[in-house]
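This document starts with two versions of one protein chain, written out as structure tokens and named structure 1 and structure 2.
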Structure 1
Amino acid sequence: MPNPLTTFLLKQTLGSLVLMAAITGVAHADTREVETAYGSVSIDGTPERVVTLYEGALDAAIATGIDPVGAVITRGGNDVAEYIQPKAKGIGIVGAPGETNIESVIALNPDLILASAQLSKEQYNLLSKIAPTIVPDFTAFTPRTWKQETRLFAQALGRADAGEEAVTRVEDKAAEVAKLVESTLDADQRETGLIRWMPQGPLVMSEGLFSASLLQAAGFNVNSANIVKDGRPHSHPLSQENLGLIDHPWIFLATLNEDGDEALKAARKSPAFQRLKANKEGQIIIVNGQLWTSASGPLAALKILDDIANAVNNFATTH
């Protein structure tokens, strides 16, 4: 038999709880639940001190109008990637991809951390104590991956609409370049490979790599000759006896050298490289390795599509 007083108090308490919840709900109208690899993360308000531990996150943040306070260097560089440097002036460096300096992250006092899908559970446990940490959970190396990640980061930043817009802008541009490719190149002239040249032989990039998927979206037919293992960004250096596997009409040659011609000169020292169709026809396109093999995100996508359009336009004027 319940005591009437207890019942009364209980009702009062419940009532005020409901009321409090309602008030809180009003105060945090933009609280959002973000689904990440390590469970649902709740974020409220507009984050002001964002640290990005992944190039795709830095790109997505800037594309949606947020200026992060910290980021990691690009693979093979000493700073964030060249293409995004003008938009990330004075940004704090907190490590390299996969090697976060936790102390520098703490020093920046972030209120949101955007990480890569590869972030380990141990790292996540540390970082999530500093600030809500967003780790994407999408299949790597698919043409959709960067779009899904961009939308996720945008949602975490409270800029879902801006994220969607950024993705659409890239899709529109890709369709535009695809039209150019279709009108300029015959169907059998659209086969291409994306490689990096090593003295031993070429590293063939995965067809699912960010830039390769953009080449595909722009109407090229990217062929990695099935030698890249699943889940890997590129192959081991291919034997020079097997360059026939990448003998396509077009080759996009990514280089980390500042001087692209230098990379082409180095590759041309190989007699096997000299025999490639694309080399004889002048259709080796030298592209920036920071942008093409390390970066990800909508701003990088627009730059890459520019590179592709330029290459095709050059072809059109010389043929």
Structure 2
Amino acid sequence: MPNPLTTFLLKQTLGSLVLMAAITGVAHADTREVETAYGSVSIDGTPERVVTLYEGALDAAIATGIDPVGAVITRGGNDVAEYIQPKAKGIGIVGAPGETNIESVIALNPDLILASAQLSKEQYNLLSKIAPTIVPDFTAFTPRTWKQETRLFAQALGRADAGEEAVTRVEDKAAEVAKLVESTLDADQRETGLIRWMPQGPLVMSEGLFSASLLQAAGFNVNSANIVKDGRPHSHPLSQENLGLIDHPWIFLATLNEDGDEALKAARKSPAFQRLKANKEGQIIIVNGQLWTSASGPLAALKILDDIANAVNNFATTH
């Protein structure tokens, strides 16, 4: 249940919106219906004050030419993800993934809210009283999920063409990197795992995760060792004894914060880590966890594809 302050602020906001509608007295001509997880949502005109409650929504909005007024912090951080900070300067923070501060959202007076597929019905009911709220309804952890979400958010923003262009840019870039991988690496050199190193141990990320699907689009064979349950983003932490499950020629290895960095430094000293093929060959590629294991969207995709291309080019110069 919302607290009394939340209820009061909601009433004040709704009262203001009703008054504004009465003053204008005219509906927008370009009203559109957007199908979401909680039914069809009507959106009038071009939203000007957009709040995003999901990293993929922030990315998609900026990629299609919109500057949101609010966003949530990235996992493991205290701001939006590093890769997108230059494009999101001065943005208001309204919570963390899964922990929205309703009062902060109200204070920004949004005319559209873009949320994640995990938004609960209870939260949706609150937020939709503030502004039209878009919640995706697509199967999670598939190579097409981020594209579907980008197109949905772009439609809600009145930027459908820009959304399609953003997806196409990524597909063209992936094809370009795939040619590089094919010309540089033999087929038996392309197996890899995507790992997030945590203080509790390494997590094997799902083959359907956003960045893993980009690795596959770029020509790598992503192997999660069949230990990630369906519908889950990653495995349980692996013990040092089970590191052999990720003994691939390449490993793309991410950490989210300083704790993960320190845990990785300690693990590198262990015999089990030193025996890994990728470690012996110098093909453990350290990547930004905020980008590789938390982000989503066309701008993040382009950055990840750049990381993949750089890794392959470095391989080419040393072999």
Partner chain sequence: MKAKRHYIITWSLLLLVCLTSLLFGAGTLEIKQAFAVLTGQGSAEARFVVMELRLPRLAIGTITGLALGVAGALLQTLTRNPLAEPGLLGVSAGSAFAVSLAILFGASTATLTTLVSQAGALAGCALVIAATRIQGVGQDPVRLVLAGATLTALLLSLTSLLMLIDQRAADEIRFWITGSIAGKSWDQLTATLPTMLLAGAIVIGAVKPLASLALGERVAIGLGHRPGLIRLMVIIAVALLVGGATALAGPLVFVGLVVPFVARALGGADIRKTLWLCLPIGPAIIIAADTLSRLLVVPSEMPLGVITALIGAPVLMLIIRARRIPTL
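The first residue in the sequence of structure 1 is number 1, and each one after it adds one. For clarity, a rigid core is taken as the largest C-alpha set superposing within 1.5 Å between two forms. It should be emphasised that the depicted structure is a prediction, and the values quoted were computed from it without experimental measurement.
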Item to check | Answer for which single form is the form predicted in complex with the partner chain | outcome: 1
Next on the checklist: On a rigid core superposition, would Thr142 pass a 2 Å threshold for CA movement between structures 1 and 2?
Outcome noted: no
Checklist entry - Gln200: with the rigid core matched between structures 1 and 2, does its Cα shift 2 Å or more? => result yes
